[in-house]
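Listed next as structure tokens is one chain, alone, in the form predicted alone.
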């Protein structure tokens, strides 16, 4: 009896929910905006609203709440959004697999990267796109918290991170390139001319730190704690560019990925300090949920990064 009721409920959704409604609701759930969804899908806003309303009726539960102009997904809405993405991804994978059988490489590649990876990810993706020009690319640059949210909501195919973010998901983690951390100071700083600087000496300086939850911040805090040293926090900033400008302005020292200095020339106002124990050796990792069925394009890009990724990462 239970099996029959379950089957009836499932068939009801199949009969009443269309693929277009699934596509529209997934876009609304991702954008949290009817206006942006209409622009993305080249539809009118009333059409988007009508499609979502019909889909909600087919599901039989409220999927979102609207307060003023803001949209908030309900618990059922979060579940529906994940399922819609799975349907869309499955059909996209089918399309790419069929294209692959014909010797074509078409489809969509969605990559999310931690902020520091923006210094090499676009170059690698650009080279990949030149090999497969029919591919649509999406690159999202975000902080560690944003990357984790995108990972848990299945918004990208692959994710590039330094420190692997904690997650309820079982993750596949593939190290593929070095990501060393260095201490920087204004070139006019007295420590810029010293060598083999003890960590104890650094503890007397003020530091500019990344936001709470940052992988770099966690690494620095752990290092100082292991040596029984305090960190004199001057300020907190959430981007490498802001931190570099603050360092140049004499507001303190900072620890950044060496990749963040790639575009600095010989006359840069920033100096890399020679500190004992530095650079701190870390790795870039390619991350995705274990068991996730990667698209043909995502698998090609994964192999591309594993084979050639380091050639797009220049240190110094």
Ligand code: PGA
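From a predicted model like this one, the values you see are computed outputs, not experimental measurements. Numbering follows the first chain given and starts at 1.
The same protein also has a form predicted together with the named molecule, omitted here; what follows describes it.
Visitor: Which residue, 233, 143, 153, 167, is the contact with the named molecule in the predicted complex, using a 4.5 Å heavy atom cutoff?
Guide: Looking at the other structure, the residue within range turns out to be 143.
Visitor: Has each of 114, 213 and 282 got a heavy atom lying within 4.5 angstroms of the named molecule in the predicted complex?
Guide: Result yes, every residue of the spot touches the named molecule.
Visitor: Which of 194 to 202, 79 to 87, 213 to 221, 129 to 137 has heavy atoms within 4.5 Å of the named molecule in the predicted complex?
Guide: Among the candidates, contact is made by 213 to 221.
Visitor: Residue 107 near the named molecule in the predicted complex, any heavy atom under 4.5 Å?
Guide: No, residue 107 stays farther than 4.5 Å from the named molecule in the predicted complex.
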